[in-house]
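Taken one at a time, structure 1 and structure 2 that follow are two forms of one protein chain, written as structure tokens.
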Structure 1
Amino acid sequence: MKPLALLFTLSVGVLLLAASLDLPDWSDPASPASSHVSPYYIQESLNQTSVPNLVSSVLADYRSYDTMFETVVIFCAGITVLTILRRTFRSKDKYILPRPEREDADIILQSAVRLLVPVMQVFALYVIAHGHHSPGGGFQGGVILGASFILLSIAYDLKTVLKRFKENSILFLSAVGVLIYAGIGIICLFLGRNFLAYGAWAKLLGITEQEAHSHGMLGVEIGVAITVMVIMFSLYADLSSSGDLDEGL
């Protein structure tokens, strides 16, 4: 079976390498992307979306389908790790790295983290809220939010964070983020436009279509941030505790 799998993998690799020969050269100005697609985005993005951040308008508007399914991939990755690792019982023979008791914890580290985490989270919210107008967005803000919970888990312990950020909430919010993204697109369908055609929100919100595109991008960025935040923390919690959600690192 292994030789057959190896042969199949090599065959697919050869086909992919052969197909890559038909691709245009890197940064070729005569390629379709450089001569047709990119100039259109550069010239029309601000007029159509009212968003000065060209990267965000491409990711969250022109190719919003792609970004939505990237969010779904993150969600599936987190659920897969949870399904494989999560255990509802504690293995007696599980090897646990020695950890200091709570009374021996590093007070300086914990105090520093208590001061740092609120700043991280406020900055993350700014990155999410302003990401479609300046560098940032849902992925970046979600990572910063997730990192703040991971930092708390390392400075204190996993149980302390899970008391405030329970596993049921993690599962619920991971799905909510994806549903926010898809829900915005579905509402566009009910308003008589295409899926994720944010201009449909113009009449509903009493704004111009360009502003509706901007607001729509903010909405999907919020959905992305929620999913990225909870899945990132969930991956840490399950991997660091071997699925027990007990000791952590």
Structure 2
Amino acid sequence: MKPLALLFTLSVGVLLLAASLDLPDWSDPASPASSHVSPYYIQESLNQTSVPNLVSSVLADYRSYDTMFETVVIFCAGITVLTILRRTFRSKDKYILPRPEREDADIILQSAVRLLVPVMQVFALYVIAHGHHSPGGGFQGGVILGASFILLSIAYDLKTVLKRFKENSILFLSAVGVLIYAGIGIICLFLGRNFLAYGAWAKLLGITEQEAHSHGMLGVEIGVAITVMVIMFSLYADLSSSGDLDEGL
């Protein structure tokens, strides 16, 4: 217990508690947060985009520009970790942790993971594709896809996974995800609409404007999912091996 830190924390707490008295009551339907722009989203989303999940439609359509740069932030974070940690040479005085021999690794764990990983990946694809109608979307599906690779590299070895999923293709795919997102927006620009106004796709695909919004959202969510998947796996690969990409946890 440090008295100065405690004093500072408590004084911040008193200020925040005093401020909380002026905030609206909890779960009040007429609170300021729920009364300006959000009623518009709730009422118009189904008519304008034909997507029942309001979170998906606000995320990938009304606030699409925001989400695009969130994806860019994730991409940048992945590149930053790579730049900070990645070493292509082995340092001689590296502190090596005592590890179990991988030859007699746990066969029960490995068999279970072998069965589990395809199920996880199919579920992740379902989460991405069905994100318009049920909870889910590109971020969640991408994280589950990334977690399936992380699980595989915990149960086996980081090298076994990196043999199938090379570092070059990780870097390539992380850029491809952002490019899919931006590309869908730029094609709208060429079709005579604003950036990321998916209604422009209606003529190209021969569907109504509402369905075009829904399909455009699916496209950008796929882009988000690809970037998030590879960045999550690359964060794990770099952090668990201190940038050597040899053994992992």
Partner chain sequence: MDDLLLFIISKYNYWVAIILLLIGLYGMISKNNLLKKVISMAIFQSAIFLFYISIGTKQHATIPIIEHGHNGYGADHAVIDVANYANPLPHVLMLTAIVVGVATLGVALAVIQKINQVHDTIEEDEILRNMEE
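These figures come from a predicted structure and were not determined experimentally. Residue numbering: sequential along structure 1, first residue numbered 1. If you superpose the two forms and keep the largest set of C-alpha atoms that fall within 1.5 Å, you have the rigid core.
In this comparison the chain labelled structure 2 is the form predicted in complex with its partner chain, and the other chain is not.
On core superposition, A19 has its C-alpha offset by 12.3 angstrom between structures 1 and 2.
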